[in-house]
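A single chain, nothing else alongside it, follows as structure tokens in the form predicted alone.
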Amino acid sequence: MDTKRLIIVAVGGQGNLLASSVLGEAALVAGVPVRMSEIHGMAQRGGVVESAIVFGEAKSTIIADGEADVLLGFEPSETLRALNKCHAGTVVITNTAPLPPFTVAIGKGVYPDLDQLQDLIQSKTERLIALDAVALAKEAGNVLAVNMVLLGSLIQIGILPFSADDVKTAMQNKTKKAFLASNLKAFDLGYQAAAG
């Protein structure tokens, strides 16, 4: 089995760590070796949270610049910020609903133009899947299920060495029962959105 390297970037509170935990569990369900690490940069204040997950035989969780096979971005500007982890063959999946940082809200910063952001990502990677994960999460009945929408899209592209059923089993083990139905619906909506 080829080693696959995944970087997940999000803003604190978007559910990156739960998404990482679900993917780790799915790998275990499928019998795939997995190594994970996380960086919690001021997450409680809306700062970046980055997870690195390596599937397959690897000695380290470190994903150096230019090594990610997949970049999963929960927030567009954070996706752009992590672009250095990508190479020409990387697949990027990003939520298009922005969460502008505090500096933008008080007029001390400018949020990047979303069209230019997507053009830049497309010019440097093999494939970009951009979707409004917030709208799909709302459609699923849980605005907090952005992470599950994006997991659905991630599994749809077929790069990781396990199935949608493995992820759904992991979701049953890792998510609160009260949110399981909406999380599963969000996953399916993200899966469908990435198909077209």
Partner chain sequence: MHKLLKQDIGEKMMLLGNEAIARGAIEAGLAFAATYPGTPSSELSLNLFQISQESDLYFEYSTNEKVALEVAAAAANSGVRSMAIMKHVGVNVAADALMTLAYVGVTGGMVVLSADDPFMFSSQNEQDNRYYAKLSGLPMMEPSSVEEAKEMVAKAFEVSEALNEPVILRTTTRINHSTAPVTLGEIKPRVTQGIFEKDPFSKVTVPAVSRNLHVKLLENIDKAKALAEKSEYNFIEGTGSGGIICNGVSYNYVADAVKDLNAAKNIKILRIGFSYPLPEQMIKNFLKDCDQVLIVEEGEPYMEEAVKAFAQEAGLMLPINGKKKDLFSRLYEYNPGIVRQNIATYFGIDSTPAAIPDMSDVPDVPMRPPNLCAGCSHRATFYAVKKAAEGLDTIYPTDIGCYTLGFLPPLSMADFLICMGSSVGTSCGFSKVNTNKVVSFIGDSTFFHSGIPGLVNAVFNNHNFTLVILDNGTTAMTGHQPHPGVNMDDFNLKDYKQVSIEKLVRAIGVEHVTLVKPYKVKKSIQAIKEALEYQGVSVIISEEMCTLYAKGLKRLKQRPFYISDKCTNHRECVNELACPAFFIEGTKVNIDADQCVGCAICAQICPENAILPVKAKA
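Basically, rigid core = biggest C-alpha set you can superpose within 1.5 Å across the two forms. Treat the numbers as computed from the prediction; the structure is a model and nothing was measured. Numbering follows the first chain given and starts at 1.
From this point on, the text means the form predicted together with its partner chain, which you will not see here.
- Out of the listed residues L128, I157, A58, V134, A58 is the one that sits within 4.5 Å of its partner chain in the predicted bound form by at least one heavy atom.
- Its partner chain in the predicted bound form comes within 4.5 Å of no heavy atom belonging to Q122.
- When its partner chain is considered in the predicted bound form, G66 lines it closely, a heavy atom lying within 4.5 Å.
- At the 4.5 Å threshold, heavy atoms of A164 stay clear of its partner chain in the predicted bound form, well away from it.
- Taking the partner from elsewhere, R35 is found to have a heavy atom lying within 4.5 Å of its partner chain in the predicted bound form.
- Counting a residue when any of its non-hydrogen atoms is within 4.5 Å of its partner chain in the predicted bound form, there are no hits in 150 to 169.
- For H87, the Cα coordinates differ by under 2 angstroms between this form and the one not shown after the core has been superposed.
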